[in-house]
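Presented as structure tokens, the chain that follows is alone, the form predicted on its own.
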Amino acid sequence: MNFIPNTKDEVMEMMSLLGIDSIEELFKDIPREVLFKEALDIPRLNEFELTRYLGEKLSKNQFFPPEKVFLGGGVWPVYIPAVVKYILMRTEFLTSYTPYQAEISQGLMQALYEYQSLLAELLDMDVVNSSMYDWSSAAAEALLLSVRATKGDIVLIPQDMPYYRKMVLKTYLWGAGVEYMEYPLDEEGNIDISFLNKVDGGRRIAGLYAEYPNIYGYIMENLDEAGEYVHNRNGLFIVGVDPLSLPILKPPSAYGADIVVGEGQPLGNPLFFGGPLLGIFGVRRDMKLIREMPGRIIGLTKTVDGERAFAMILQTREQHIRRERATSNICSNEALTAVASAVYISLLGKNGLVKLSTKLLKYSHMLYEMLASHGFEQPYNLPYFREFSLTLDKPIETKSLLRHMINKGFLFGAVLARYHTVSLNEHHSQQALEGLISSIEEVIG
């Protein structure tokens, strides 16, 4: 069926309702200098010619192999075993549609149930959904859940956190009319409890969000105090995690976390040029929290004949039942990335995950020792897992150093908030670290 455009009268009626005089007013927030002034000069080519033309254009991009990438902050290069890719190619899993109970297959529901079970064990949480868009949306939904569950009127978020994640949190909170306050780190790099204690005692704190490890890669040593602080005020403690740290670190539940969120991308998913990703969302066993969870939950049940069966449960959380009473409008299909993570975790198993996490820990500390001998220091004396931050006593600006390293073929971390932060991934080896150090020596002398 061909597209049928709106009539002129219909367009005028819509503009009148919106209170605008022209279509261009819808885009007035876009800077004029970035708008095209004329039609694009797109050549008319056949498929063969177009493929060659695009190849020539793309060849101008600079490619960084994963062993030369030292960026992190939420997504990381990861090696994906062939079996993960093979299983995802099965047409039973490949769909962009979010099926409802009557349409979803038992096989897909079992795969998602396995994902939930595996993540619940990894996070040490009782219930995990399947799933959220990404870490940012999961953290934002967790804060909204804390407001619904506690009837509080303010949430606390880190002052030091990735910019893009903070902007998502602020957008969600603004849309829901929820007030927030940013809390700082103290001089040691831990949560500033003294600042929290100054928050007006008359405020009803709904939730406190912290990251573990934090934006600079450090494992803050007073998470239990932060959990105790918010619990004493009848709020919820929400913790964001790098899931690959959990095979060797204490789970957030050990610090009193009520809700755990994070990014599932490093569990068997590629970078995807920024998406789709996989938002992890788990809660402790509390029916008030479970009923308020966003997204879908797959449950195990029995048929009328007593056979094992899987079903979507507590579906009023999504908009496809009763929109005005939905706890969340999250209903996109992140099932494919969730299935990838389930296959990946199953393939590696407990020993494989511990081995991988230990490798990341080992090489991050090895790299810092190499950097320390060239004048780099860390801003905090705290434990770290795969990421850490740096200061430099050489007369060269961090951004200048990063530009020089790009010319050497390395993505040597990034400036996150206040510090230059470096990240390790499983592609790194001693040879890769030595190559990085050799290039740094050429730059800083």
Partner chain sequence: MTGFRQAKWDEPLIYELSKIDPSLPEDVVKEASRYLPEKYIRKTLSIPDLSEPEVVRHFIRLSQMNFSVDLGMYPLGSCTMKYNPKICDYLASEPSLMNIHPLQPEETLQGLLEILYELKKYLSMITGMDFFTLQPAAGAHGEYVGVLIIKKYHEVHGESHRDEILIPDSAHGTNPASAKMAGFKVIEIPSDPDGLVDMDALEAALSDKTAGMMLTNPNTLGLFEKNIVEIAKKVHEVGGLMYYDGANLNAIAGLARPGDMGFDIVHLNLHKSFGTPHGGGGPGSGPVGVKSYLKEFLPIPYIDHEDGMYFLNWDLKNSIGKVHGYYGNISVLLRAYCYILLNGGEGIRKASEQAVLNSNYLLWRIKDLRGVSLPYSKGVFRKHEFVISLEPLKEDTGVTAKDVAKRLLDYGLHPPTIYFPLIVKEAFMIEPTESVSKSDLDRYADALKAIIEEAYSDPDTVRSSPHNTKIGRVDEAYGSRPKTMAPTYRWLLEKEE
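Here the rigid core means the biggest group of C-alpha atoms that line up within 1.5 Å when the two forms are laid on top of each other. The structure presented is a predicted model; accordingly, all values stated were derived computationally and were not measured. Positions refer to the first chain, counted from 1.
Note that the form predicted together with the partner chain isn't included here; everything after this is about it.
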Practice task
Examine G409 and determine whether its closest non-hydrogen atom to the partner chain in the predicted complex is within 4.5 angstroms.
Solution key: no
Practice task
Although the partner chain is absent from this view, report whether N234 comes within 4.5 Å of it in the predicted complex, heavy atoms only.
Solution key: no
Handout entry: G274, heavy atom within 4.5 angstroms of the partner chain in the predicted complex
Key = yes
Problem - Any non-hydrogen atom of I154 within 4.5 angstroms of the partner chain in the predicted complex - result: no
Handout entry: Stretch from 305 to 313, 225 to 233, 371 to 379, 194 to 202 whose residues place a heavy atom within 4.5 Å of the partner chain in the predicted complex
Key = 305 to 313
Exercise for the section: Heavy atoms within 4.5 Å of the partner chain in the predicted complex is the criterion; list the residues of 235 to 267 that meet it. Expected result: L246, P247, I248, L249, K250, P251, Y255
Problem - Flag for E434, CA shift 2 Å or larger between the shown form and the other one after aligning core - result: no
Problem - Rigid core superposed: L45 CA moves 2 Å or more between the shown form and the other one - result: yes
Practice task
Once the core is aligned, please say if the CA of S59 is shifted by at least 2 angstroms between the shown form and the other one.
Solution key: yes
Handout entry: Outcome for the Cα pair S137, I30 in the predicted complex, compared with this form (closer or farther; change of 3 Å or more)
Key = farther
